[in-house]
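For reference, the chain that follows is the form predicted on its own, supplied as structure tokens.
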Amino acid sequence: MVTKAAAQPERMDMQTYDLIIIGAGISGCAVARELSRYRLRTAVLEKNADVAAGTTKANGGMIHAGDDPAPGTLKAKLNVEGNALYENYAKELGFRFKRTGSMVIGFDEEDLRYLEKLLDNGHKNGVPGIELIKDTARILEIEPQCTPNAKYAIYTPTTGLVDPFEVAIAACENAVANGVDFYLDSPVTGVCKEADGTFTVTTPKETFSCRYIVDAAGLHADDVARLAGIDEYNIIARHGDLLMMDKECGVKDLMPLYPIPSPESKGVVSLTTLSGNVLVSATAVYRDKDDTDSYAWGIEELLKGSTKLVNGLNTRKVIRTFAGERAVAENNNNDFWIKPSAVCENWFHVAGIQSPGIAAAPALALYVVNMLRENGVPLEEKENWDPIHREPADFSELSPEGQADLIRQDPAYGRIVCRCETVTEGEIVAAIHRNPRATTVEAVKRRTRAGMGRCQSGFCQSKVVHILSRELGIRPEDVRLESDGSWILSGAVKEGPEAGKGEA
């Protein structure tokens, strides 16, 4: 069992697997983890340098209750089922999960009529505990930081929160521990269906052979399918701006608050993340698939939307803006596209996984595995499958005695690199050597939170670059922020003993 980070200088021999998953977002990682319980040689090919580096990372992390999807859709089914699975999923995989509840806020009689429809939706979808509130005092009792102008609300106590990349990374690492191979920096450039029914899959560095393919390539799932001559659906990209507030922004422990949603989006949602920052997300505009730029008008829309719902929020405390794209399967009733190909045997689509894809992930993985079983993929359970994954110690959460003990074991845990989030050198080194390895600055950030605090890596990024350079045995100039070509340093700017060490 190996994990590859496609840095080989030349093409390797053909790699042979039973099944290949294309895409290592939360859906691909969840499916890989579920398949790891079976005697099936499985690989995951991911174009980015890390898992969860696409849509999954630019996400609010909401585990939606399930009142929004249209009744009878696959999205509604998997949303409610996935939400119910999250306690155990988090317990097994060791990531943070918190049930917060949420409210959709209404201000007038027209809003009330929509909320009544949402209540009916929730009942039809089987959302437990859903409640229509028609009393401002009751709304403020549930969430005192909600605007006092709120007159009506739908309250769903089962809504929860995760950091979505934590979920994907944990699922990935558990899959690897159970025998799945991940190939990072490995964009699929060609797929050929051979005469014997197998597939030949090519990347810039390697060639693979397999009998089954699960296409979970997110925004480019349709493009990957077309490489194999499959043209059954079209993915369009719904662009969303998001913003993050400083932890001292006048609001703490804010329950997720939604406005009345539109047909395209749940609207501008405000919430406090598991790490204590207020997050406001997201706009919804159709753009190019790879457009992850933030737009001033989008940020203005977020700020306006947040102040409409939240009382006391200091909108001058924005520390980060970013954007993501959601994959929408066109002309598909706003639903997921999870089905076997109708034109290519042994090709399985896992596409159009827009919101609530994070909430649906545990149930989606079970649904996909059942789909594979029903379509002839041999699934024999292993006797030694281990569902348990343990997250490394979070130094900032340890007691003083626990911190001292860790420092005694490894003095690197006594050196603080990220002051905002209290991340130590020991934690960063451990992240770099996890399996799969964190080989970029952003990969380290997703595993440790180094750079996610108030200064947004202004003080710690150079130290993280140095540690990556040292631990990976590469030049500082070759350390990437994230994607290929995103180098931070270009070379020395002075002569002398420090020259050539990557100062910029």
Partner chain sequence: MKTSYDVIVIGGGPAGLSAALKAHEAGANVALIERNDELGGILNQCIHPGFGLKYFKQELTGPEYAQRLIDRLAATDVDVLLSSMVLSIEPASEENGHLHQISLINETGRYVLGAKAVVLAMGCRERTRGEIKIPGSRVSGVFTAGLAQRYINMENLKPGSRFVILGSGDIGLIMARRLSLEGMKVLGVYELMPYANGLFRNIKNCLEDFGIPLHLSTTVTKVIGKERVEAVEVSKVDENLRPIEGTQEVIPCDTLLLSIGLIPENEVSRTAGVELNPATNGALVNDTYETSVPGIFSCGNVLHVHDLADNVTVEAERAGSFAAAYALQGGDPAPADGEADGACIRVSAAQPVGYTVPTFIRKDRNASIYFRVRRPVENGVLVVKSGETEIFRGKARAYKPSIMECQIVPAKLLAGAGDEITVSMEEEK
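No experiment lies behind these values; they were computed from the predicted model shown. Positions refer to the first chain, counted from 1.
Same protein, other form: the form predicted together with the partner chain, not shown, and the subject of what follows.
Residue-level contacts in the model of the complex: of Ile416, Ala84, Leu379, Ile142, one residue has a heavy atom within 4.5 Å of the partner chain, and it is Ile416.
For the options Ala296, Ala195, Ala137, Ile388, the one in contact with the partner chain in the model of the complex, meaning a heavy atom within 4.5 Å, is Ala296.
The three marked residues, Thr202, Asn331 and Gln354, fail to reach the partner chain in the model of the complex, with no heavy atom of any inside 4.5 Å. Heavy atoms within 4.5 Å of the partner chain in the model of the complex are found in one stretch of 208 to 216, 69 to 77, 126 to 134, 317 to 325, which is 317 to 325. At least one heavy atom of Gln456 is located within 4.5 Å of the partner chain in the model of the complex. For Arg470, no non-hydrogen atom is located within 4.5 Å of the partner chain in the model of the complex, even though that partner is not displayed. A residue is said to contact a partner when one of its heavy atoms sits within 4.5 Å of a partner heavy atom; Met452 fails this definition for the partner chain in the model of the complex, lying far away. When contacts are judged by a 4.5 Å heavy atom cut-off, Lys463 counts as touching the partner chain in the model of the complex. With contact defined as any non-hydrogen atom lying within 4.5 angstroms of the partner chain in the model of the complex, the contacting residues in 469 to 490 are Pro476, Glu477, Leu481, Ser483, Asp484, Gly485, Ser486, Trp487, Ile488, Leu489, Ser490, given in sequence order.
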